[in-house]
Each structure stands twice: as structure tokens, then as C-alpha cells.
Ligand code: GAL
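Below you will find one chain, with nothing else, as C-alpha cells; this is the form predicted on its own, and questions on how it binds or moves follow later.
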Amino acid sequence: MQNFSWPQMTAGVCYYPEHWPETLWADDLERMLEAGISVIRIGEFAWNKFEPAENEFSFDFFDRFLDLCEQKGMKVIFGTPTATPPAWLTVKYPEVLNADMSGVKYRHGGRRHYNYNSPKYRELCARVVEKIAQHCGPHPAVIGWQIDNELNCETDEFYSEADSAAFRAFLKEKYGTLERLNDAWGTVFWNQTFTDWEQPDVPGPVLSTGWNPHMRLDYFRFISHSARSFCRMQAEILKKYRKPGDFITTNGLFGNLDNHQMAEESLDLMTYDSYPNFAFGLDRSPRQSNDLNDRKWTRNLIETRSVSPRFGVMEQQSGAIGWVTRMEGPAPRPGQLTLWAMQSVAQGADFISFFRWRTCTFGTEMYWHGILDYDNRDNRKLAEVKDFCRKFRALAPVCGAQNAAAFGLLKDYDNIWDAQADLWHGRLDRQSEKEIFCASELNHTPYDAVYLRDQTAPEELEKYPVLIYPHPMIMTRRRAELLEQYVKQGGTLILGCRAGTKDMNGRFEMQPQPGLLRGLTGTDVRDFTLASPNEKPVTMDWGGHAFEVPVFHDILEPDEGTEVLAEYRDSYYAGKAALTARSCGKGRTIHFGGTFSREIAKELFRLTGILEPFADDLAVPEDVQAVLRRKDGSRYYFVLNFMEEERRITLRRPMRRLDTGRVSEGSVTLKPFETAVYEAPEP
């Protein structure tokens, strides 16, 4: 999905005219433009400004502001205000409110306290969005629309009466009969069988034994369906009134939501909200070098790029973060504001919008700092934004460039949601995804997140020489055939433990593991176990070297023609296969019986020939990030020093630094938190 791309590198900021005296507006816009900011986002929490009483609409306030933006030359992204319904609405129509799992309704005063499935809320949202789009859409200052704000943020679970009714309708549409529903959910277990369509409900309080996992899996699918439907409702309205060239987006990537399908149905591109300083919050663990800290926000940016190859960042951190109720974080150190913005650009963002222009002097987010502080004076953050905008403009040749990836990390929403419903599955996924990411970062072996979907074409996979699918417990015949075709065409597929064990309902298959993937792996899993805390760590012997295998162990029995690459050295399965390889057509499948560590992932990179794919161009230490974007026969290397100390890199051929125009080769020193972007022709 990519129906819109930024024509040039564009800097923006989030602004709330309703928070400030009108006498500040012109000065604020002039200072933004002077800093290099040309786009602002407004409106996403301002419902009452448009509709102060039910069905009484007023546009004078935002008309004055939009006219001023046009006069000053500022462009506007307009947010639909449906994330915070007004008090008159929630008091008169309490059925629009979400509830906790016990059914207790949330009260007015926060945000995102509504539910997607209230017919009354959808009616009122549709009305206000239509009125705003009809009135403001033609304004020349408006260039795009943001739907709501951070769908499924704050909560991604819904327990209102309207949700229960909608869940039943969702299940009836999906299964048709109670017999099929009961079979899919295995309700014969613990006497959960349903005999009437009024009996299924959204999850509620249960004893510590927990919920039916198959019901939970469908519940997560239902939440995604509800959020997408709410987004699509607004998008269809906006499309009627937007001007040619204006885009529709929404911001953030949150749980229990198929962002790929939502984007395909409703959006022109995805935007993300990036706050790497969460890594240093007082509610987080002490800084750990093996956790990558703020650098690990790259994972979220890679995920965003999987939805929109050239995405935007609607909220880029500019100051300290915190609410009066939770989240306490330090101010970005000099250089970190630019570092984090360049982190987004390196991963494919051609639009960077800082949050926010000025820190609010009241309300819950008084400690969620913006570029300017309460006193409204110029400060070091504004100076750094100006410098970033200068550097950003110098990256004009990079706009639209594609990110290079050495491999694809395969994912799918069914397994993501199953890992939430199944503690065992979740433990495997968390371990492996974190460690594969760390191995990728520390060894400068970039990847794309690649989502397997019903419409995935073989060509989408074949551009990657290596695909890693860590723990696809849920497997379908369609996906298995797609993977087989990929391997036969010359690809290398790497699978981890527990692959191919479940059906689409999250039920274990009564067949030898790895189920539908057995023909590819050439292995039989007759025994398996969690790593025992009562034993010493289990290792495997791989080429004479010992590698610890964490968390879980499938004990592999190789078929004839399957090569054993490594054997377990410990526990009752010492000497049994832990890692195998089997050829199929022009490619091969590597089956690993454990969860991944960064050391094992690095060796797999080495084995498959993808380790450090641009090592011939530059040498970079582990704690410096290196990212490659490519366009029109040129390579653009982003190097980012995430450390508080200097780091040295080596350019192995002449390269031009874009922000200075200087050509360098050999050893280069990066200051603390410094970033640089180098241009070199394709070899």
C-alpha cells in the first residue's frame, strides 16, 4: 500500500491553536517557518470547538486559523477529532463509553474512552467528520487528513455492551452455525458449549485458570475488525471532500489491529509516532547495553515501513516525556533530538513532524515537553530543530529512496495474536524477535518485516535471499505452499521451534510436527521441552563451537537426505539434532529446534552469506547504527552514533557527506549522538 509519497523531505510540527491565545498564533507560525517547518497537524482533540452542543456546529475558530496559515504559507494536516468525544456526548449517550473487563464504564476525562461499536457513537462521529471535511476540505492550506489519533492506543481491548453485541454478530458471520463455533473453540472442554447465539460474549473476569485461548484469538481478530471498520467509515467520508492530491493517514502502530489491511482499505500512507526516550523512563529498567535502549525503536520503524515503504512520522520526540499520572522521562541530551529524527529518516520516513511546538501549561500532558518550553523563549531544542531542518533539506536526493534489506523477517497477524492468547507461544516470539533484531543491528545486517497475508504473491518473497520465520505455530496450506515455492525458486527459509503445530483456530494438529512444513524441513519432532531451570543451560555443538539454546527445545529427527548441522550437547537429548538443513529445488530449509539468540542469529547470517552486506563500503562498530537507502544508482549510508562517547567509522571508498558536501575516505570520527549521511555511487 502506497498511494502517496512525499515529493520532498518535509518537516512539520504538531500544534494546538485551541491551547493558546489567538495573539500567539501569527508569531508561532512565523517562528516555525523560520525554523524550517512547513506543515502542522491540528484538530485531533478539538471536537467541542466544532460542535459545542449537539448538532450545533461552528467553524469560526478554525476558519480564522486556517486563513492565517494560508496567509503565512503554512500547510495543514487536519485530524478528525473522534479520539476524545465531548462531555455533552458521553453524558447524554453513556453507551458510547468503553468499559473495563468487569463491565464498569470508563468516565469522561481521559481519551480514547469510547468504543468502536456503539451505533450512536459511529453516527455522531460520521456526522462531525462529514461537517468538518465538507467545510474545511476545500481550504487551500489543507493538504491531508489524519483519522482519529492512535487507534487502539491506551487500550486495545473493549468490553462494552455494544462490543458484546458486535462480537456475536462477527462470530455469526464467520461461523454461520453454533456447531461450527463450538468445534472451532473446543467448547466441549470444561463444558463451555454454547446453545444460543446470545451466549457468546467478549472475555470477562474468570478464575486464574484463564480464558478459552481459541475464543481469545477470535476476540483479537474482532477488535481489529472493529477498529478497521471505524477507520474505513471515516475514510469514506473524507474521500468525498478531499482535494486532488490530499492524502489520508492515521498515526501509530498499536496492538490487536491489522495495520496492513487497515491501510489497504482506508489510507494513502501510514504515519508513526516515535518516542525513543521511553527507553530511559524512570519506570523502565536501568540502562542495559544488551537491550539497545533508544536504538531499539528502529524495530517499530521497520514495522511501519512494512505497511508504507515511504512513511511519515506524525509525532517525533522533541522533549522530555511524561504525564502527571505516569511516564517520567529525562530531557533529550543535546544531539539526541536530531539522532532520533534521523533514526526515523534512515528507516524510510520522508516526513518528520515533531511533537509538539510548545509544552502545554495545563492538563495531563504538562510534562510531555515540546520544542519550546512553558516560557516560550528560544532554547537549545529550537536551535537543534533548525539545524535538523537544514540537514533534512540537504537529504533531498534521498527522498523516495528504498531501504536495503539482507533478509526478510516473516510474520503474520494470526501468529501474533495467538502469541497473546498462548503464554508458551508468546515467550518464544518475544525472545526470538528481540534477539534477531539485536543481531541485525549489532552486525549491520538489515531486514524488512514481511507479513504473510492471503494476497501475498511469490514475487514479494523471492526478492529476499533469506527469510526467517521464527515460530509460525499456526500454519495454513496456502502459506506452506507459498513457502515451498519460495524455497524451490532458490530461497533459504529458516524456521524455529514449534513451527507448523496449530490450525487457524489455535488448536494443535494431530499430526507429526512440524505439520504442513514437514516436506520442507525433512524433520520429525517426536519430543520437545521447555529449557529446565533445574539443569545447566543446554548448548548445541555447531562446527566445534558451543551455542546456548535458550527457552525451548524441539528434538529433531532428520529424514533421509536431511543434513544435521548441530547437535544438542546436554540433557537427556544430548547427541540429538538441534539444527538441520534440507535442499528443495534450488533452495533449502534450515530448521532450528530452539528459540533464537543473537549469537545463533549471527551465525545463521554467516552461514547463509548475508552477514554485513555493505562491509566493503564501510566498517562500523557495533554501537553505531548503519542503514542503507538506495535510489537512481546511488547509495545513501546513514550512520548514527547512539553513544555518549565518540566513535570511529571507516569509509572504504570516497563518499560525499550530504549536509556538508565534503568528500571523505578512511577513518572518520563521530561525536556523541552525531549522525551523518554519505552518498556513494553503486559499485
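Residue positions are given as counts along the sequence shown, with the first one as 1. Quantities reported herein were computed from a predicted structural model and do not represent experimental measurements.
This protein has a second form, the form predicted together with this ligand, left out of what is shown; the following refers to that one.
- Although the partner is absent here, residue 374 is not a contact residue: none of its heavy atoms lies within 4.5 angstroms of this ligand in the predicted complex.
- Within 4.5 Å of any heavy atom of this ligand in the predicted complex lies no heavy atom of residue 239.
- Contact check for residue 59: no non-hydrogen atom falls within 4.5 Å of this ligand in the predicted complex.
- Though the partner is left out of this view, residue 197 does not reach within 4.5 Å of this ligand in the predicted complex, counting heavy atoms only.
- Contact annotation for the candidate site: 16, 45 and 149 all lie close to this ligand in the predicted complex (heavy atom within 4.5 Å).
- Only one of 268, 433, 273, 441 lies close to this ligand in the predicted complex, with a heavy atom inside 4.5 Å, and it is 273.
- This chain is displayed alone, yet in the predicted complex one of 484, 557, 365, 570 has a heavy atom within 4.5 Å of this ligand; that residue is 365.
- Residues of just one listed stretch (424 to 432, 365 to 373, 298 to 306, 473 to 481) have heavy atoms within 4.5 Å of this ligand in the predicted complex: 365 to 373.
- With contact defined as any non-hydrogen atom lying within 4.5 angstroms of this ligand in the predicted complex, 355 is the only contacting residue in 345 to 362.
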